[in-house]
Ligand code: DP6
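Consider the single chain below, provided in structure tokens and representing the form predicted alone.
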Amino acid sequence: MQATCEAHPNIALVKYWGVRDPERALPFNSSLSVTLDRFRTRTTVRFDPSLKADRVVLNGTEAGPGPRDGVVRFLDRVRSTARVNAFADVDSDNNFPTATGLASSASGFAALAGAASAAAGLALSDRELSRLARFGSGSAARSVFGGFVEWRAGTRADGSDCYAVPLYPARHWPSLVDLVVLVEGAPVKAMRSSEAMQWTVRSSPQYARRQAELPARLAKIRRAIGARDPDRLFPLVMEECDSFREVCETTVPSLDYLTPTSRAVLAGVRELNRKAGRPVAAYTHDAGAHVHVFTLDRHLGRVRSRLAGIPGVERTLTVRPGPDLLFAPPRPGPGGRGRARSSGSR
């Protein structure tokens, strides 16, 4: 009753921020993201009848009450589904900063969904894994898949039509690069995004307008990715990021995730585009201070040079669209390989 799973974080090009049904983890809007290579969470789950309580180790340290409680609630859901009564030993580690806006919860709960369900003997399809993962973290529903992914909000009250689907594989746009700009002194979030976003839903005067705009923006971004068209995609990505940041900052009390260095990076990207006379890069960020800057291979040198020179930029990392969930050893059953099963299981 043990399994190991590896998942990669994703960065949303169209954000979800707010849920219409917290009990079922159903978002107000659909979202679209890119799963990233290089960064990963690796999680091992072992159900053991001799354990007296769940044991959760995150990055080599026993988890505190908040993070531990989230993992235990998730394990309870898996235990209930699989009719397993044993407590679990969970060991999870990231090779990138945790709780600073790099989607560690997305890769963390996607990996936990894979490892816990496999250890409990559940043979879940990729779609079922995506549905399960969202109960830990909404964005984890997208990290089940590699490449470009859409999480469909659905309309059914029971959430059965709320899951992520792969749009394009990681190899779809070989020249697209995500330059991850790590800023010095990026604070660890004091409040989980799942709680913060509900404050936005209740209090931001801009939230309703944003929701009205999102379906058309998502459709445009989906088409631009399909056409591999940076001239259309990059301005839309920045427009979406600015809209997300506006509702955060107009939340009461305000949610300001950026540092002065973060804002200087955004300004640097705008300057690059202005001087080039066309979009050569696009910024986006999640609920944290680090910034993702998308560009193409042919522009990477000048973009990196411009941003690395900003005071407070700790380093820049080049990442690209990444892979599906990975199981080690492979899942048993027909087609159970190291990678998440494809096509027939979606």
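None of the values given here were measured: they were computed from a predicted structure. Quick note: we count residues from 1 along the sequence shown, nothing fancier.
Unshown form predicted in complex with the named molecule; subsequent notes refer to it.
Using a 4.5 angstroms heavy atom cutoff to the named molecule in the predicted complex, all of A12, R142 and F244 count as contacting. Between the named molecule and the residues A63, L307, A287, L26, the one pair within 4.5 Å by heavy atoms in the predicted complex involves A287.
Put simply, of S137, T251, S262, S117 only one has a heavy atom within 4.5 Å of the named molecule in the predicted complex, and it is S137.
With the partner left out here, the named molecule still marks one of 219-227, 69-77, 272-280, 184-192 in the predicted complex; by a 4.5 Å heavy atom cut-off that stretch is 184-192. Put simply, S105 is close to the named molecule in the predicted complex: some heavy atom of it is within 4.5 Å. When contacts are judged by a 4.5 Å heavy atom cut-off, L132 does not count as touching the named molecule in the predicted complex. Contact annotation for V237: none of its heavy atoms lies within 4.5 Å of the named molecule in the predicted complex. Although the partner is absent here, V149 is not a contact residue: none of its heavy atoms lies within 4.5 angstroms of the named molecule in the predicted complex.
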